[in-house]
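One chain comes next, on its own, written out as structure tokens in the form predicted on its own.
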Amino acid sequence: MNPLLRRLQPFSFARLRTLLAGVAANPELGAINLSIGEPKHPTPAVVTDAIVGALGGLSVYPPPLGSERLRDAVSRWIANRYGLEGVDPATQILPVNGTKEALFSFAQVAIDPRADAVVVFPNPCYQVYEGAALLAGATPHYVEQSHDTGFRCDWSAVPRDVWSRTQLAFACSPGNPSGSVMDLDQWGELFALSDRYGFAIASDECYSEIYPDESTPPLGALQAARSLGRPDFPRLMMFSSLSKRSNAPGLRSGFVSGDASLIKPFLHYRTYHGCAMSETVQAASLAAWGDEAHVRENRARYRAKFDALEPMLGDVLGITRPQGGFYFWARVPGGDDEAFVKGLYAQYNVLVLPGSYLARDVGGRNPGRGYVRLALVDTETQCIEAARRIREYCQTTPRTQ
């Protein structure tokens, strides 16, 4: 067995199951699960109809590069969404089976484990960044995101000797769990570091299409690069997905786009990896990227939930309306996130995720401790009911931690 597997920590949801083992939820209240970021809105008909119409594609092996039609559709979407004309479908775009698979596998391509490699990424973060680094033989370096930094990475806090060994940096904007968005100055700082030290950047943008203001979509990494005079996106890869945008997590569909000199070896790796997207999924993906009406409706549903829950929870939890994504990153009374989660589940049958499970202890400090993540993925009615129970729990339960 690969000995590096022993370095992997249990996923946050496995830890949550362990935490709640033997804890009985209140049987008088129906269960509401806000712990996992799995969209519950209906998958739009434009996607499901396209799948039904393309079932014949299951009878053929798909090409690793994906169809020209799909890559053209993605290029048009990038142009419409970010104002980026001329992203080459042949050399700068690659369809992938979801960003989780792509983020993990890209690290295996980008990292030379013989070189005492380091991978830099946020803390808290999406745990795949850590696992990808460890299984590529690299050492993780965690960049704290806290209230003091506006829940953004302070890249200047990374020591110079760490940057000198860094081969890959993961960025996530809008961020998971806080929903913070990197601005042009922050991207410029990271690009300058990449130029100086030569590492690749993987920009995880799976939440990019869920944001509160229709007139102000979040800045994307490729968009930032072009704005800063980097038209060929040197050492930069953007990862985007239909899972959240189109309520299609089971479709396992997304794309990567960026530096053609990185796309080429990534495609070569994937040729052996056996992860080409089926023609049936490609047809559904093409339909999804070509339709914005369902995406606007999706944002409106999330906006309504944030509008309803913010005043209900604002005075009992330390919450900040996110710039993107569908999470509340909430500071709990008393500061013990595990105790809060156990008590809320036992007394009110509402499940949320301890923030400390999304972060790592560095220097005796876990920047997720004292927070919980609330995923507003259920119906508006269920989310409001969950907020009512959370509010009552906060108001009636003594805090002695």
Ligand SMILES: Cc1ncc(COP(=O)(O)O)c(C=O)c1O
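On a predicted model such as this, the values are computed, not experimentally measured, just so you know. The numbering used is simple: start at 1 and walk along the sequence shown.
Not pictured, yet referred to below: the form predicted in complex with this ligand.
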Can Asn176 be called a contact residue for this ligand in the predicted complex at 4.5 Å between heavy atoms?
yes
Look up in the predicted complex whether Lys305 has a non-hydrogen atom within 4.5 angstroms of this ligand, and give yes or no.
no
At the 4.5 Å heavy atom threshold, is Gln145 in contact with this ligand in the predicted complex?
no
Is there a heavy atom of Ser285 lying 4.5 Å or less from a heavy atom of this ligand in the predicted complex?
no
Checking Leu219, Cys206, Leu84, Ile111 against this ligand in the predicted complex, the residue with a non-hydrogen atom inside 4.5 angstroms turns out to be Cys206
Which of these residues, Arg252, Arg230, Arg299, Arg152, gets a heavy atom within 4.5 Å of this ligand in the predicted complex?
Arg252
Please identify, from 309 to 317, 95 to 103, 285 to 293, 262 to 270, the stretch that has a heavy atom within 4.5 Å of this ligand in the predicted complex.
95 to 103
In sequence order, which positions of 126 to 158 have a non-hydrogen atom within 4.5 Å of this ligand in the predicted complex?
Tyr126, Tyr129
